[in-house]
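Take a look at this single chain, the form predicted on its own, given in structure tokens.
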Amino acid sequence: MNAKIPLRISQFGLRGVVGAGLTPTHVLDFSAAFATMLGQPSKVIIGRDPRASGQMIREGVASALMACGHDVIDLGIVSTPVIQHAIADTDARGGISIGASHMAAEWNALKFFGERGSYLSTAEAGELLDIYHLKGFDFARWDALGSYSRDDSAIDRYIANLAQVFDLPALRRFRVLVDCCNGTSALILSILRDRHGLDLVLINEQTEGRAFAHEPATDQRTVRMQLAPLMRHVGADAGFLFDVDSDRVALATESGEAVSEEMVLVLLADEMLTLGPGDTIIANLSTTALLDEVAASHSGRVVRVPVGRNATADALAGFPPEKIAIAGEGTGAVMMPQFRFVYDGIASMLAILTMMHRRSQSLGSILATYPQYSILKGEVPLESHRIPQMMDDIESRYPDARKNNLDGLRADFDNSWFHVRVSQTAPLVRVIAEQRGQPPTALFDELMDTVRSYNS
């Protein structure tokens, strides 16, 4: 993340370095805009991850919501999926999660949810931004302000939902190593361990707001450095690494192999398509092409959408729920229909363990059944006024590719593809290239060199 731009305001919400970019004024105004967008006074759920700035931001969020007449229900320190479940369980009008997911401790963010805990659609996110920029807030009279209350039972209700969906006693057979990265997953997994007898070995379990044990990224590199070396020592059947708010997860096999973050969605898509009834996968343009092979093996299909959870929410709204097998990203963030299409790393972990149990196979042996795809990912800071010229240049260099301009440029060849796009959450151009078999090193290097040339 470019330190020169410590604040990012977009349709994905508000994200920034606290103090240097993200200020109390931003928090108050964005929260008031969301409260105004919700309309008639109602219940709104809030919660936060353990970051040191979370308490300060929570006060601003709650104040703005109450100032617009809404009754605030504060869940305390909880994962983002717990907040989403609580919105649906309590018939709240919406909710706000305070937490910056896979970002370093100095960052924080606001994520907004509508009824039933769903991510805002593109239209709703656009409306929120319009209200924020116009400062057209609908504040209540002094005698119609909202109330504030605490609810400390949300995690228990969430775990009860997990127990209804998954056969937890059957999963006791597995020893599982989990890197909690000092985040909210520890609060949930410790209860699953102690109350339901799961054999979970937790590391970096202590919640921490100022100095995480390591970068909270759910990618293959972080797994290779932090989790994979411990697998054989612990004797674990599978390993999982979470981000701070537990909506993403990454994997390590029983032999200590660090698995590409792309494979979380692939594994669960294979399982959900096997079980039915849905035959459609929703994934973004940056996600592995292996997903298309898996879908074809089940006579299913992949619907590709722009990167971003608003785009996924838009796509989900266009299908009957029973048609969707799964939705997700190649970042370790996956939505399953039995869990209300909420990005949920802990549900993903339990679903992968269930897949291992149902197939009587190790994680490594399941992964070995898929053809090899090699993906390379990079990012380059770039001045925004040169982006159109850069995209035209890249497109002209590959005249024979099948092109998709829905989100930047995706170009497909017979056995490889690339995607170049501007990030909506960071001042970066992201470059991804994948090939069936060996890594597409020459193609990736060529793309990175082209993008970098526009910084000179």
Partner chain sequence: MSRAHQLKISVSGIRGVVGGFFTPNLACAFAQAFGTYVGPGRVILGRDTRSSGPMLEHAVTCGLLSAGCEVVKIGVAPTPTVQVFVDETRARGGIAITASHNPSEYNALKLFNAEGLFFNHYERGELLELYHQSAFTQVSNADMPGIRFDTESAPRLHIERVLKHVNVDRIRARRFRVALDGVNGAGSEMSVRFLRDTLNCDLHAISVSPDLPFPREAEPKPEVLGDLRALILREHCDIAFAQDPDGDRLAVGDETGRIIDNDDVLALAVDCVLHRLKGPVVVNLTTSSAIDDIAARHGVRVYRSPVGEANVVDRMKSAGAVIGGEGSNGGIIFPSVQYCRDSYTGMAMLLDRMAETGMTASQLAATLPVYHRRLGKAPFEHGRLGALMQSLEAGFPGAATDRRDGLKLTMEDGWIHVRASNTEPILRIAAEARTSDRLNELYGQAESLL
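Not measured: the values here are computed from a predicted model. Residue numbers count along the first chain shown, from 1.
What comes next is about the form predicted together with its partner chain, which does not appear here.
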item	value
Contact residue in the predicted complex, from Glu205, Glu215, Glu106, Asp314 (heavy atom within 4.5 Å of its partner chain)	Glu106
Heavy atom within 4.5 Å of its partner chain in the predicted complex - the one residue of Val422, Met391, Met56, Ala401 that qualifies	Met56
Location of its partner chain contact in the predicted complex, chosen stretch of 413 to 421, 23 to 31, 391 to 399, 427 to 435 [non-hydrogen atom, 4.5 Å]	23 to 31
Proximity of Val18 to its partner chain in the predicted complex, heavy atoms at 4.5 Å	yes
Partner proximity in the predicted complex: Gly209 to its partner chain, non-hydrogen atom cutoff 4.5 Å	yes
Any non-hydrogen atom of Ala62 within 4.5 angstroms of its partner chain in the predicted complex	yes
Contact of Ala289 with its partner chain in the predicted complex (heavy atom, 4.5 Å)	no
Joint contact, Asp152, Ile155 and Val234 to its partner chain in the predicted complex, by non-hydrogen atom at 4.5 Å	no
Interface residues of 139 to 154 toward its partner chain, as seen in the predicted complex [heavy atoms, 4.5 Å]	Phe139, Ala140, Arg141, Trp142, Asp143, Leu145, Tyr148
